[in-house]
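Here you get one chain, nothing else, as structure tokens; it is the form predicted alone.
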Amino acid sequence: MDAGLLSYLVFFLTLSGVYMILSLGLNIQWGYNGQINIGIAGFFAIGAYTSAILTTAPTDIHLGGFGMPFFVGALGAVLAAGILAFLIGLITLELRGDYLAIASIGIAEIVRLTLKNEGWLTNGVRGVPAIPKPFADVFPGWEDEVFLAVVAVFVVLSYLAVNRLFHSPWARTVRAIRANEPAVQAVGKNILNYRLQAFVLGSMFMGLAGSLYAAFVAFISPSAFDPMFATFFIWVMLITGGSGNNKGAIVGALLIWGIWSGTEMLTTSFLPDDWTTRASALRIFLIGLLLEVVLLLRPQGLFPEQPPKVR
């Protein structure tokens, strides 16, 4: 295989894996429990920065540089995203529908501005450089390919965990809350507690995706967590694949990222330079148009939600 094509394939599959984990996290919140989280970018960013601070070499340009192994950074990212989600959930999860969506947008913006302006913590707009990849010293020259394998393992483990969760009594309860909250409350279930658990679990997966993203790109800044790519795209992926279906979350992420990456290759290869920026806006329009088509013609997505197995 051509070296350039192999490099691109590794890049594409690695980022696809990151988006798959983000989509699975959103599926817990929206697909299982009906929570409208428009603040995905905030938890994604928290995970990325936590992992970067823990794993980078000692430095004076931002907090930490503790030089810890990647897996410690990933665990820290998951915990940081979970703690943030818990604190936010205590305040916001009594809100419903549009109000929760508005609150989550505001929270994501607070996170972004904090990362942007607190230079002692994150190096501000200059970002965090030199984020190491795991096993880079063990397999020199094959860092990206080895990291793709690491991402693939995390995707498989995440899918298995979320899929097992889907068939659990806990997931049946949170889906029942989504369908008929007063009925669940009438049988004595603590609605807020279950909603908080779903919100925290989904956000922890988003934090994990952030740690993988940071290690892959080796440099992060606040601009890397633009809501277009770190929130809107995730929603399109899940809705296209099928809300409430974990297989749909995986396939939707691969499909939408494939469309975005493929159209980028076409525009950069065949269009003049002065048309490239305009083509980017058109590609965003096409993704939005695809979402509208899916909502009109197949609102259940490519893989509709299936009833859980009775255990």
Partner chain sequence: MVFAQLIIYGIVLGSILALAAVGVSLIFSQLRFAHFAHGDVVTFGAYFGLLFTGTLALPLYLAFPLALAATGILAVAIDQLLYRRLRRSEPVILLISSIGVALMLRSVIQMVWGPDNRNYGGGGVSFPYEFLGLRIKPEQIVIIVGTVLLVTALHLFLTRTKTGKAMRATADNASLARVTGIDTERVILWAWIITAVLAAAAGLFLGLDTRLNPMMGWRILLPIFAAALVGGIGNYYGAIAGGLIIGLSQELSTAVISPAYKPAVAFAIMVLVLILRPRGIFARRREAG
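Predicted, not measured: the structure shown is a model, and the values here were computed from it. Positions refer to the first chain, counted from 1.
What comes next is about the form predicted together with its partner chain, which is not displayed.
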Next on the checklist: If we define contact as a non-hydrogen atom of the residue within 4.5 angstroms of the partner, is residue 137 a contact of its partner chain in the model of the complex?
Outcome noted: no
Checklist entry - Does residue 235 reach its partner chain in the model of the complex, with heavy atoms at most 4.5 Å apart? => result yes
Checklist entry - Does any heavy atom of residue 118 come within 4.5 Å of a heavy atom of its partner chain in the model of the complex? => result yes
Next on the checklist: Whether residue 284 contacts its partner chain in the model of the complex should be assessed with a 4.5 Å heavy atom distance threshold; does it?
Outcome noted: yes
Checklist entry - Among 71-79, 187-195, 155-163, 221-229, which stretch has residues whose heavy atoms lie within 4.5 Å of its partner chain in the model of the complex? => result 221-229
Checklist outcome for this item: Only hit among 177, 131, 200, 107 for heavy atom within 4.5 Å of its partner chain in the model of the complex is 107
Next on the checklist: Where, within 34-49, is there a heavy atom within 4.5 Å of its partner chain in the model of the complex? Residue list please.
Outcome noted: 36, 38
